[in-house]
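Only one chain is given next, in structure tokens, and it is the form predicted alone.
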């Protein structure tokens, strides 16, 4: 495969189970221009050098364009206004400073360490309940039985979203997660579906925020919905709420599922974690390096940028291939070996720079509690299929389901 077509191979679903050989080829040219004009950055040093570069913009989503309906009022008046508003008030991961910093500051004022740490007991109880529900079975599907329902229940608790509404936003969240995929951005039909999905979940959030203002609770959404927040208007509040709901479980599903898959492929490490749960934090950090939940994010160059011997021209799309940097042999000895005893693991498992994942502390807690409980309570777990079937996305990469045969529940 020619070097300028390698990223297309990354996006090919046929390579989802093991994209790492392609990443190794990409690292030979740390900044590689692809046929579509995008520049893929794949080495640890090159990615790190760009993460705080103000010439990199996150405002790279295509303009919002709602499809024609045949209704002149909507097509010539209402939808153009809605498009302008949507383009000006994207979720904060698609915003640059200073607007990004203002919105992130509001989120962090509610996403406190005390609030996150206070969820330990709730997460542990949820995990035990989900595992207990599998008693009497000889197989489990990790995604359906734990990896998906756990983060959904936790983010609903955190935001104050009624858990019984989860079936409504399950499909919405799955659809919006694909908006990170370059293929979806270029496909007109996919873009229309994304816009329609965002409108639907935004309408849901708008109604929920109204209820929170009438009857506020001790949750993040009630806190964010306070009206004394200059810099976060109604549209920004709704976009932020949608982002937190979707991002709050999509990546954690992958972290837990990829983590258990990796441990089942390394039974010695599974046994060590079972015997010594205190190892969990270092196991999670190595998992974030070795099998991260997010493999890449896209950016746009605001000016010419010289990096690793290549000049990225102004206006060019950029792909920060985090998962390739995580396995860079120039940064990590034996990078393709899963080794929780590593030290100095400066990975990109939660991205980096201004857009470092705000939910990273919560994701770590959920993954640690879930993986320790799974290792200790599942008797003789074995994979039903390896590799398992994967979800379509290349950016948010993880198994669609993970079948495990078990000898019982302890």
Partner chain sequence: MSGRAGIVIVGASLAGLRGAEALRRGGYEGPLTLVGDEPYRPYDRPPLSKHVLAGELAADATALPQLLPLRARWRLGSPATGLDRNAKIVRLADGSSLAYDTLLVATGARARRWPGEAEFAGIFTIRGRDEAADLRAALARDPRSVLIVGGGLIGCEAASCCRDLGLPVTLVDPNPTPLARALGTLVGGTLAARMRAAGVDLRPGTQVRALEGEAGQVCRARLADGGSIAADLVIVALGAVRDTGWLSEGGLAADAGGLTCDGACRALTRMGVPDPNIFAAGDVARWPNPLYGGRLIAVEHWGNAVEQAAHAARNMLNPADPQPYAHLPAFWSSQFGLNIKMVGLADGADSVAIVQGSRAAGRFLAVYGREGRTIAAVSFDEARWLPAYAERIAAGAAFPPIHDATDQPAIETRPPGFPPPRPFPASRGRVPEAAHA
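Residue numbers count along the first chain shown, from 1. No experiment lies behind these values; they were computed from the predicted model shown.
Just so it is clear, the following notes concern the form predicted together with the partner chain, a form of the same protein that is not shown.
Residue contact with the partner chain in the model of the complex: residue 131 places no heavy atom within 4.5 Å of it.
Proximity of residue 373 to the partner chain in the model of the complex falls outside the 4.5 Å heavy atom cutoff. Though the partner is left out of this view, residue 32 does not reach within 4.5 Å of the partner chain in the model of the complex, counting heavy atoms only.
For the chain shown alone, residue 67 is not a contact residue for the partner chain in the model of the complex, no non-hydrogen atom being within 4.5 angstroms. Using a 4.5 Å cut-off to the partner chain in the model of the complex, not one of 19, 261 and 402 places a heavy atom inside that distance. Figure note: of the listed segments 98-106, 272-280, 197-205, 122-130, the one touching the partner chain in the model of the complex, with heavy atoms no more than 4.5 Å away, is 98-106. The contact residue chosen from 38, 358, 51, 383 relative to the partner chain in the model of the complex is 51, the criterion being a non-hydrogen atom within 4.5 angstroms.
This chain is displayed alone, yet in the model of the complex one of 369, 362, 56, 378 has a heavy atom within 4.5 Å of the partner chain; that residue is 56.
In this stretch, 354-387, the one residue having a heavy atom within 4.5 Å of the partner chain in the model of the complex is 354; the partner itself is omitted from this view.
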